[in-house]
Structures are given as C-alpha cells and as structure tokens.
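In structure tokens, the next block holds one chain alone, the form predicted alone.
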Amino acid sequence: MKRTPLYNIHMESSGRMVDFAGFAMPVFYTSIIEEHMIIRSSAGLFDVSHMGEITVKGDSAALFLSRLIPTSMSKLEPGKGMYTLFCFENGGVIDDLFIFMINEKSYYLVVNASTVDKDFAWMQNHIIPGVEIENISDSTAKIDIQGPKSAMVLNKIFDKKKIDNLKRFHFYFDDFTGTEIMISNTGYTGERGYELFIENSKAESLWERLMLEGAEYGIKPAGLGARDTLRLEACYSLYGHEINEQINPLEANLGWLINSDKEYIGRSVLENLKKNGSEYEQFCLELTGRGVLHEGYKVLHNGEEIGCITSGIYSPLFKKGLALIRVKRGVLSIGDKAEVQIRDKGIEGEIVKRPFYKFNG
C-alpha cells in the first residue's frame, strides 16, 4: 500500500489503518462517533492526501475543460471553485471533481483517489492544442480542517482578514513557513471548513501546527469513517456508491450540474435525461424501525422491490439509520413509507426531505 506524508503521525496517534484506494489510511483514531461529533461541534482534521490533483494550463485551458464537463465554466472566476463531473457519451459518470480557477489560463483540479489514473488518461485522450496537463498528486499533501471552529484555528496561523473574508467555494494562496499553500473554503462534511494543499515535505509540520493551535478548541484528528458519516448526513455523493460509470447524474440527484450551453462529451444524452427524466431517482430514507443500514440492501414499497441503498449509516448525530437510496422513478414521494430488507426481514423507513443535515456555514 502507498503511504501519505502523514503516515507516521497516524501511527503515533494510534490510527486504525485500512487499505483505501491503495493507500494506508486511518479509518478512525478513537471512535467514528466521537470524531464525527467533534467536527459537528468544534473542529477536526482529516488527512486526504490520497486524493488526486491535476493542473490544467495554457491558452486553451478553459475551452478544454468546457468540453469535458456538463457544468458552465461561466460559474468560475479567479479565486473560485466549483463542483462538477466528467461523464462518458452515454451519461455514465467517470468521476466527480472540483475545479479551482487560478486565472483564465490556469486551473487546479481535485479528483478522487481511486480514479486519478483513469481521469488523467481520459483527459490526455481529449487534449487539444494550447493545453498542458500535469498530475501532481504524488507531490501534493491535502489536509482538511472542518467544523464550526475551524476558522478560529486558521486565524492563529494565517492572515485573519483573508480567512474571515473567504467565501464558500473560494480560495487563495498564503505562506506557511516559506512554502506556498492553497486554502479553500470547501469540504465534505456539511460544516464550514477548509481544504489545505501544500507540498509533501511540509505536511507533518502543518498538521502539528494545526493540532497545537486548535488544542484550546478541542481539535481532534478524524478518520475516513467519520468523513463518510458526515458526508452522508449532508447528502453528498461518494464515487462508486451514488455515482459510477453506470449511474448518470440524474439518478444521483445531480441534474443541477447539467447547465452548460457549450459542446461537451455526453451533452445530447444528459440534456435528454434532464428533460425527460431517468429510469431511477435518488431519495433520502430515514429508518423508523431498528436496524443497521448498508450499501446494497434492497428497498421495497408495497412488497415490491424498487431499488437499493447506495450508502447507509447509523447517524451519530440523529441516532438512527440513514440512507441514500436509488429507486425506480415515480414510485416514491416525500413522506412515503418504504421497507429495507435486512437479512430476511423488512424494516420500515420513511422518505424524508433532503438533506438530513443542512449546511452549517
């Protein structure tokens, strides 16, 4: 397995290590519930250096990206990022990603760890003159600080005015001990938080400084387990679960990303799906009976199988089972009852309005 620059810190902090996308990553340090709740109430740190980073530069950089995504590039401006997708001609999702615009000729992409090589190869296959792309994943560390007190921690290290004025989805470059660091007001938890990008050699010192300055707020390291429960409460998609090469954006409640008026890969299929609907749709299910929800469990309505769970958890905050489900279109509505088949027993749940947890910015 590969190791991130913070591997030794995880081991020293008694991180429970697992294989994730080919990396040795901490799934938790103390417990998923404890780490989840500290981020909902204060601040926590995630090592997400396994994620991929790709730079796109050149006179035709904006044109190149506009041909790869269904989202209008007009939503970007220097210092701002946006969430979007790479899709095949048939509408299936290659990956979901963030694009940060540095300037009109320079962009910074953040992609999933399990799809870095696939994404980069796909981009290379569609390259146009006037564009240079580089996979800088192996030389880049990424640390996320998330939670309502995350800004207070960063204010003790970086320019307070810049941190306080940094709007959601925006970013800027600062200095950390003589090295450039990119700080974005983004995250994957439903809380206000920041993603920090820096060269590998400074990852340990940045992590230790964040832990030191955050001590008065009770900051704790958090593993991938809490990252997953936090994102599901906020109803954020996870590649390989809510979206994949066989699931289109409409089936994952991501139709709002299809808004470009440019020619892009998959446009005719995606616009048709947005206009006429897809075979499946996504809902939020809250378990009213007792049980533990997992991906792949069957969802039934009036005794008929209509779909399955794409992600399921026991929510540390709401103290009940929550799930995102993919079901046949037109069968369910908000307020309807449905059953989840756990082993050979049907456990009752209710379709509720999304998200389970509203963004706390």
Partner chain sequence: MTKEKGMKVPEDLLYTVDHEWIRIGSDNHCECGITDHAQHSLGDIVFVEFVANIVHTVVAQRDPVVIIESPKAASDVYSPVKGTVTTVNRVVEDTPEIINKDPYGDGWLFKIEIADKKQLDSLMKPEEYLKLIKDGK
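Positions refer to the first chain, counted from 1. Only a predicted model underlies this, so the values are computations on that prediction, with no experimental measurement involved.
Note that the form predicted together with the partner chain isn't included here; everything after this is about it.
Requested in this report: Using the partner position in the model of the complex, report whether residue 126 sits within 4.5 Å of the partner chain, counting heavy atoms only.
Outcome: Residue 126: no contact with the partner chain in the model of the complex.
- Query: Does any heavy atom of residue 334 come within 4.5 Å of a heavy atom of the partner chain in the model of the complex?
  - Reply: So residue 334 does not count as contacting the partner chain.
Problem - Contact test in the model of the complex: residue 33 vs the partner chain, heavy atoms, 4.5 Å - result: Residue 33: yes, in contact with the partner chain in the model of the complex.
Check your understanding: Taking heavy atoms only, is residue 345 within 4.5 angstroms of the partner chain in the model of the complex?
Key -> Residue 345: yes, in contact with the partner chain in the model of the complex.
- Message: Quick check on this chain: which one of 167, 161, 290, 275 has a heavy atom within 4.5 Å of the partner chain in the model of the complex?
- Response: When the partner chain is considered in the model of the complex, the option within 4.5 Å is 290.
One residue of 300, 317, 63, 27 in contact with the partner chain, assessed in the model of the complex (non-hydrogen atom, 4.5 angstroms):
Filtering the options by heavy-atom distance leaves 27.
Does the partner chain, in the model of the complex, lie within 4.5 angstroms of each residue among 50, 118 and 245, using heavy atoms as the measure? No, none of 50, 118 and 245 comes within 4.5 Å of the partner chain in the model of the complex.
**OP:** Would you mind picking out the stretch of 290-298, 55-63, 42-50, 324-332 that comes within 4.5 angstroms of the partner chain in the model of the complex, counting non-hydrogen atoms?
**Re:** Selected stretch: 290-298.
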